[in-house]
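This document starts with two versions of one protein chain, written out as structure tokens and named structure 1 and structure 2.
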Structure 1
Amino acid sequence: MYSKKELLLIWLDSFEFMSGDVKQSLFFKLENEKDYKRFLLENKDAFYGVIKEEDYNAFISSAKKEYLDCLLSLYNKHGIKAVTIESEDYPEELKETDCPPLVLYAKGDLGLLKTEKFSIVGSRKSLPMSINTAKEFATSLSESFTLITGIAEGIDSAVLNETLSLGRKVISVIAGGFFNIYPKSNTSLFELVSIKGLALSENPPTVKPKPYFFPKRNRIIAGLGKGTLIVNGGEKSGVYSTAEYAGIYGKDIFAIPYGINIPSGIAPNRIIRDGGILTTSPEDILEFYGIEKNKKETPDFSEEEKEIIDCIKDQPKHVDLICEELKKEIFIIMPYITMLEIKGYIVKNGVNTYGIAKRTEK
């Protein structure tokens, strides 16, 4: 059951043509009124220059019980819960930000909003090396945190799939409404998250995503997490906005370092330069928060395998360069590279170029 204030917020939030500031202002004006429609008609002049006349007319005509009943019926039919800023389930972390969403649309386990959370973000276009790094961090950090990310291809998908495959908890924050998942190719992944984890959006289900929704959405990802990890990102990556919001909210910002010639490493390198915490393993984050983790058994590498791992640990290298640096012929090196690739410790990044797939302890 929703309270009267919650129902007022749900009604106001259903109008895409009104900004959040206008909705909030109307909420404060209407929360103690008994007849919303009468109040709006009596104060029509206040809307001039704020919303279009046709939008105002649509707004007035919707000020009735039938409209709200139709909204709630739609949400209930699709298992969507409207969590308003007046709701008990609304996350305290967002209330502490300067621009909290008035309503969060949720599908899944609302209990995850009360857990310890950590955000992981990165680029849609990611090298296999970065994808594997994201999976490695998700595997380790999901033991201690509910992970938060988006729903994009690349790093978001890697974090979601890896965490869900382990039977652990994850929250995906969507830019548009639930009926308009972007990209469409991740619709099935969204459905899986809504069953096994929690999907969130600040936009009503029917709203289509717009370009400016994505950086705006990132404030929720940053606001919910205890900290944020930047896995990768290029020159104009959206991870900058997530890191900026995290900084504004006083959150911890972690970033994975890259070699200077890797375009997708520009964003994390700059974030580290500007004060982000250089992070080379999940243990760096766990130790930062004082979380102890059982050490994994050390992999048993041959001397040749150790040499190859040491050679490419800082950045991916072409097999010819590996041979040159190790001063060995390619027919000697390739069997060990192949074995390391089969074991999952290195990954091919382009034509005959190899990088570390997951961290190793020697």
Structure 2
Amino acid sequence: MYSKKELLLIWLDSFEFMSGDVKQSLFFKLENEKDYKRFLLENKDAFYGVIKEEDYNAFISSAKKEYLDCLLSLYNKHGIKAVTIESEDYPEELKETDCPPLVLYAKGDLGLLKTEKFSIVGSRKSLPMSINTAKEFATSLSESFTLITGIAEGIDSAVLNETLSLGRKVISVIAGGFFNIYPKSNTSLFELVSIKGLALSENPPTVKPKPYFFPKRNRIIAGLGKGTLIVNGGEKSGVYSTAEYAGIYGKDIFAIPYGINIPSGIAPNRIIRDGGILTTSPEDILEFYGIEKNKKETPDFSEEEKEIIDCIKDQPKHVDLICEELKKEIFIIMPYITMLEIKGYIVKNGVNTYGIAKRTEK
């Protein structure tokens, strides 16, 4: 059950027109009052210029039990839990940040907030190799951490899908309210996360996402994780803001290096230059935290599979080149390549180009 203070927070937080600061100061003023409405009416002048007249009127008229009941039953109906900053469930990590959300709306397993967490972020538009990288890191890091990411296409989706398919834990922090998932196409992915993992938002479910929500949301992603991995990002990518918050909060920042001509590699390269930790494999991160990886038994490859793996282990190669080097016809090679791809030992890194999946490496 919610305490009186929590109810006050939930009520205040339902007003989209008030900024976090206004809500915060109202909370401090009201937390020891008995009759909110009377207090608000008496101090009407304090609101002058802070919120609009009509907003103020709406605010005053909603200061009653029915409004709150309605709100709570709506949240309840959709399985949404309002975790206020006064709650025991509220993540400690966020309280240490400069402007923690007063209420976190959550759907899914709240227990995940108490686990060790790590954030992975990247771009919506991603090269296939970046998607593969994200998946490899998600696979490996999800053994030791609950992963945190957003809900966008590209890297976010890759991390969510990969982790969920392995049955491991993941938290998705969403910019808008739960009723307005952006992009819409990821609504079903959101539903999956809220069943198998945890979805979080600092906005009440009805709030529509606005562009400025996204950098603000990134502070939660950065704040929750023990560290943050930047997979990719272009010139003006949102990952800068995540990295910046992570820096301010004293978190560890990891980034994947790229060649200088790859536009989606600009952000991670710049972050490395500015002090991010250059990261080429999940082991770099695990070692950094002193986590030892359980040794994988060497997979049982056939003679031909071994040949192909040896051929591409140093760098991804085009199928034509693999055929040339192994002196084999394409129809001999193709079945083995598909088999290795199904088993997950190799990945497609581009059009007809295959490389070793990171997790295969010793």
Partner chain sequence: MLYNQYRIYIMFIKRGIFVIAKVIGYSLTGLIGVPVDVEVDVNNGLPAFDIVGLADTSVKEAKERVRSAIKNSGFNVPTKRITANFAPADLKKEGSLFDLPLAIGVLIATEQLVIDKCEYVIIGELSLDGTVRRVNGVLPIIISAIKDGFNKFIIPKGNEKEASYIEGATCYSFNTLREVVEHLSGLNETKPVEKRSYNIEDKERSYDSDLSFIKGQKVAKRALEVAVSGGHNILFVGAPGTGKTMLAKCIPTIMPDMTFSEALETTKIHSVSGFIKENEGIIYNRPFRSPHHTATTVSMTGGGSSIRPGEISLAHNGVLFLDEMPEYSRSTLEALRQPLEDGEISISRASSRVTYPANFMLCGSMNPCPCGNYGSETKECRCSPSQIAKYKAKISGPLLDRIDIQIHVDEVKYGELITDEKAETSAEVRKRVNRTRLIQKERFKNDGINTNSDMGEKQIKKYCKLSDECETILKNAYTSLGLSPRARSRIIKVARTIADMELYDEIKPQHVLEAIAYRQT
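We call the rigid core whatever largest set of C-alpha positions still superposes within 1.5 Å between the two forms. A quick note: this is a predicted structure, and the numbers were derived from the prediction, not measured. Just so we're on the same page, residue numbers count up from 1 along structure 1's sequence.
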Please state whether structure 1 or structure 2 is the form predicted together with its partner chain.
2
C-alpha of residue 30: shift of 2 angstroms or more between the two structures, rigid core aligned?
no
Per-residue C-alpha change between the two structures, residue 346, threshold 2 Å, rigid core fit:
yes
Any chance you could measure the C-alpha shift of residue 311 between the two structures with the core superposed, in Å?
10.4
